[in-house]
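We've got the same protein chain twice here, in two forms, each standing alone as structure tokens: structure 1 and structure 2.
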Structure 1
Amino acid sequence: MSRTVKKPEERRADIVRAARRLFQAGDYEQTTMQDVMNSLGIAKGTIYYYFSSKEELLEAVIEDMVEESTQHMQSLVEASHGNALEKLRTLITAGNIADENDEILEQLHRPGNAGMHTRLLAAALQKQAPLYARLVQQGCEEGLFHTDTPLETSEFILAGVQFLTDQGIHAWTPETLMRRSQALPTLIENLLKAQPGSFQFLSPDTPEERETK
């Protein structure tokens, strides 16, 4: 029986997907390169041809997670209808890499992995900011927003939200997170020069409101 020879990009993608499954199913620290090799039935020389270490493989998994999330967000925007604000609401609701990646993100939240966590946030910002910027530009054309810098405004909003609400970056207190979350809609409206109340769908429920639901 002849052995299947895969193209380099296909083999690399197989390794990344296998590692991602293993990292999601268990503990990243306990998962070894040998585990990845065993799951694919490949030799040591094959996996180390593409990745020199488990940390480098984790970085590739992170890039894969971000790419998958971005493609999902893109498809939702393309399938959505309405004006830019309605599309942004759909995009913001969907833009959560944590879905189905809890185990990996938990590893990144550990102090020793702070650098890798920062890379995840940077990769997400680089991939997703242009998608938000296109909707901001559409909103400007529709008269909903008013900014000459759609991309930079999107980058600052996303970077601020990522840094100031992610407890993997810092152990923000619940009070601090709530204060920032409550201010976020107005801050975005001011940056985009949008009508007051446009982004109130981002407002967190107060304890009283949660009790009435």
Structure 2
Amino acid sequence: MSRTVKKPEERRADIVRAARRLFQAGDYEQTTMQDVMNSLGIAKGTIYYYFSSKEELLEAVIEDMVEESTQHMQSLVEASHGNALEKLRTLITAGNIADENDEILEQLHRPGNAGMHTRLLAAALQKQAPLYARLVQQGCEEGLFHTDTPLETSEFILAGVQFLTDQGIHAWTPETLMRRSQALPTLIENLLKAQPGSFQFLSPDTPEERETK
């Protein structure tokens, strides 16, 4: 067999891209290293030369995805107008890693991918929280919010939302999800000390006419 020598970065990127495609198309656990090799026409030794385990390859794929997603969100923020609250709304409604472009979620929401999913969330949180924090900071300056710890508050909100509403972590029942979603706006408003109602847009069925029991 003939040899194709590539620059290390290029080869590495090839492998990550191929693996990402396969992981997304199928199931991480069911995708074999052999599959990845075959789809690139390279030898086993090559892949293990760059990634010392399947797990390490997964890590690189995750990093790739998070990087792409974060850049997209970054550009969304820069393109958005209005006060901090309006920008946050843009970011939240449009720029979720889940909604973005891929069917990744479908794939991640399978038992075999729980680990990948969690790590993706953690990596995404770490990269995205600063984005939110900047908007929270801006909101404080505008008098909309009040907090001394914009970053930590952002992290806390993201963590809570992701952990409690993401189907990839636990098979929450629809009732549980509904219950949590409805409580969310108030929880966020409390954390940011924002006007009641500021985050009402988050609620799924905008219960305008509901009465407190």
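Under this definition, the rigid core comprises the largest set of C-alpha atoms superposing within 1.5 Å between the forms. Nothing here was measured: the structure is a model prediction, and the numbers come from that model. When a residue number appears, read it as a position in the sequence of structure 1, where counting begins at 1.
Structure 2, rather than structure 1, originates from the form predicted in complex with another copy of the chain. Gln162 is not among the residues whose C-alpha shifts by 2 Å or more between the two structures once the rigid core is aligned; its shift stays under 2 Å. The Cα position of Gln24 differs by 2 Å or more between the two structures after fitting on the rigid core. Rigid-part rotation between the two structures: 16° for the smaller part relative to the larger (C-alpha based, whole degrees).
Relative displacement of the Ser53 Cα between the two structures on rigid core alignment is 3.1 Å.
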